[in-house]
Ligand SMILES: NC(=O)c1ccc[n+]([C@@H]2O[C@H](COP(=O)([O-])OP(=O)(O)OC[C@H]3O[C@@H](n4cnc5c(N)ncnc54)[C@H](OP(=O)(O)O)[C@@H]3O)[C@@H](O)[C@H]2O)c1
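Quick heads-up: it's one chain on its own, the form predicted on its own, in structure tokens.
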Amino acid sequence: MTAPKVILVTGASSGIGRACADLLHARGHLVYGANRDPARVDAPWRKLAMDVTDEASVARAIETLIAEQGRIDVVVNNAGLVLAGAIEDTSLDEAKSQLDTNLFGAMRVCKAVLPSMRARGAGLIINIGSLAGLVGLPFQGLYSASKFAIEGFTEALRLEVAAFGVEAVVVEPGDIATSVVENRVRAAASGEGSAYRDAFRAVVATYEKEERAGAAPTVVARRILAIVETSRPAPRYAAGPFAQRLLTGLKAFVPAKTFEWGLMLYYGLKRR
């Protein structure tokens, strides 16, 4: 095992974040798990209050961690939400909320930890993306947009920080059995009056079925543990069901219209 590292995991109260924090702690690393209400979390690792949509909250949490430990070796940017709804039914405020959490939340954390990492000449940032950041998913277009953005954000960040000895990596989970089914946010206009109502309900039902049958969060946690303990991480790592990883990989080799046809067939969508 490598020497114990000081690791911050955001969104650590449940799901992938909780599995990561638990496994990294069990491995002997010094883990800080951040979420909005740490008093509600019973955990063996250190807890931090952090709302990634609030710059001051992020700054306070990072200042506390550095004051206690003197450094941050690894950040796992996991905090996020899933917004569902047709793009036409999604308000700009709802879209902004999706991006504010999934993209700008990660950016706020990166901006807060990078000065310390640059000063030390070492650090690792792991951004949690998604296979939905490689394939646009119907009725989760803003979620896909936020994860596509994480791909480009991480690629650029990786190039920018390399000269300072800092690494940036994106991890792309597929369907993972977490509380996403219960916590999915639906666009307010996606109800009875929506022109997309029937297709929306059918597609989301498919998502929920696959999520309930998805891989355990520990699959992603083990991938992240391996990244933390390697000396030279790759730019990106997929994690989750093999069939989904294969599907997204085929996108680069299958004609675009054929790939789109397959997705529409799978989700029961029709072209007029």
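So that there is no doubt, residue numbering starts at 1 and follows the sequence shown. Because the structure is predicted, anything quoted here is derived from the model rather than measured.
Here the subject shifts to the form predicted in complex with this ligand, a form of this protein not shown in this document.
At a distance threshold of 4.5 angstroms between non-hydrogen atoms, Cys20 is out of contact with this ligand in the predicted complex. Within 4.5 Å of some heavy atom of this ligand in the predicted complex lies at least one heavy atom of Gly129. Put simply, Ser14 is close to this ligand in the predicted complex: some heavy atom of it is within 4.5 Å. Though the partner is left out of this view, Pro173 does reach within 4.5 Å of this ligand in the predicted complex, counting heavy atoms only.
Between the options Gln140, Thr101, Thr154, Thr90, the residue in contact with this ligand in the predicted complex by a heavy atom within 4.5 angstroms is Thr101. With the partner omitted from this view, the residue of Ile72, Val180, Val166, Leu134 that lies near this ligand in the predicted complex is Val180 [heavy atom within 4.5 Å]. The stretch among 113 to 121, 197 to 205, 140 to 148, 157 to 165 whose residues place heavy atoms within 4.5 Å of this ligand in the predicted complex is 140 to 148.
In this stretch, 20 to 35, the one residue having a heavy atom within 4.5 Å of this ligand in the predicted complex is Asn35; the partner itself is omitted from this view.
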